[in-house]
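This document opens with one chain alone, in structure tokens, the form predicted on its own.
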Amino acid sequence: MAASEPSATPSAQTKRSLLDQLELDTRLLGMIGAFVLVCVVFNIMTDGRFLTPRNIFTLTVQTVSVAIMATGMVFIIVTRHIDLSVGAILAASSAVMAMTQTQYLPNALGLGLEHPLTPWITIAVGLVVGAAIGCFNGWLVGYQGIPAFIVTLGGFLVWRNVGWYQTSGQTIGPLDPTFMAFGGINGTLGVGLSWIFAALAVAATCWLLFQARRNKVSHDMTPKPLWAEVSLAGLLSALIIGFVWIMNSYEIPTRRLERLFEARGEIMPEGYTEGYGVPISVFLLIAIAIAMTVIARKTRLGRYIFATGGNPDAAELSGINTRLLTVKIFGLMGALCALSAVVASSRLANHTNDIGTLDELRVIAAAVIGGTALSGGIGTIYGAILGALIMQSLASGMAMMGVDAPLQNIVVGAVLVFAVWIDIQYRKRMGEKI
């Protein structure tokens, strides 16, 4: 009788045991590896121009708008819905905010573009409009029983053109200076404050890891090996410091510095240089990512979202108001679209009618590439943000190589299908429901 083959080699067992001890998310590691590979390949093919401080700064700023919406799309897809109207809601919200600060407030209240209240009233109006559109979509889906695909496909056609009628098809600008600070290059912390942010972020990261370890011990759970905790803290701290160093390394052009000194009535010292620092839009993304993660993991709403996505019938039988839940998640998606409109229009310094075009596809792709299962019940906020970064890296790298737009779309589409195929194979291997 032939001897049975061993189920796994000793090296494979050791590797699996090590991964279990470190509690590493293999799907996340795969995405990080893919992102690093994309960056290395494009850096080689662009003769080192891809990984320069200037391009990384630009890449970061361009990612924020899609990443913000991708965090909301995670909740939409987790509950087995889809939202094809996010780009149109962004455009409608942007149009409302542009008209509010350039027409409505000056005419109604006499508040000009540089009035302290103008940007905040504008953002509040945009959030209300975006959330209202989202809630309306959710009401149609949850209470009227219309499939989300149809509702949001209709919204895709409706809301962008509603925005067009608000502006009569015109580009609206310039926008309020404080409002434009959320766009990236027009609003950064500067070198000094950025280093302070790095120090605080490193301290917060180490404290959170320590608290997580202490909680496990207090609940009689086996924590990670101490060396693993220290290594993880060191790696995350190095990433934070490295990111801030790159942002600070992107220097403000000399002519712009001269204008800044002239505006203050000063003469710029010879040889003076200054870095941009971390963009304010990045802080907005970080704040939203933290808030959405807390909602997903620590709140009743988050538990209801994932329970509904896992088994809608069981969730409803257990007492969850799935119809109201649908309204809430679509309303949240609409509000996030409005915040993305703030970032996108601020980065452009005006509202244009093509703002947010094809963003719905980029947002859905970012969530799916980030590991959100189209079958529902599975998804992470950090995965969606990383997916958005991968998507933007592909677009930026191909643009730097001079790749035509049609070929760029072909590559992105192929990557999306490939990412879903990889995810399906991974779930089959792990024994998860597809």
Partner chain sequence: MSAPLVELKDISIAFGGVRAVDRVSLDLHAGEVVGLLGHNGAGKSTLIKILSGAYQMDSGEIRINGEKATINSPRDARRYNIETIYQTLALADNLDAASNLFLGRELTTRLGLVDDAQMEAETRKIMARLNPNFKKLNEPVSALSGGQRQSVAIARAVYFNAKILIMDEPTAALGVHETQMVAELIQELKKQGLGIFLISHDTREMLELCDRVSVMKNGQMIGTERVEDVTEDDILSMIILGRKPGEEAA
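Numbering follows the first chain given and starts at 1. On a predicted model such as this, the values are computed, not experimentally measured, just so you know.
Here the subject shifts to the form predicted in complex with its partner chain, a form of this protein not shown in this document.
Within 4.5 Å of any heavy atom of its partner chain in the predicted complex lies no heavy atom of Gln144. Though the partner is left out of this view, Phe306 does reach within 4.5 Å of its partner chain in the predicted complex, counting heavy atoms only. Contact annotation: Gly383 falls outside 4.5 Å of its partner chain in the predicted complex, judged by heavy atom distances. At least one heavy atom of Gly310 is located within 4.5 Å of its partner chain in the predicted complex. Comparing 292 to 300, 81 to 89, 273 to 281, 352 to 360 against its partner chain in the predicted complex, the single stretch with non-hydrogen atoms within 4.5 angstroms of it is 292 to 300. The single contact residue among Ala124, Ala204, Leu226, Leu317, judged by any heavy atom lying within 4.5 Å of its partner chain in the predicted complex, is Leu317.
Scanning Leu235, Leu117, Leu193, Met221 against its partner chain in the predicted complex with a 4.5 Å heavy atom cut-off leaves one residue, Met221.
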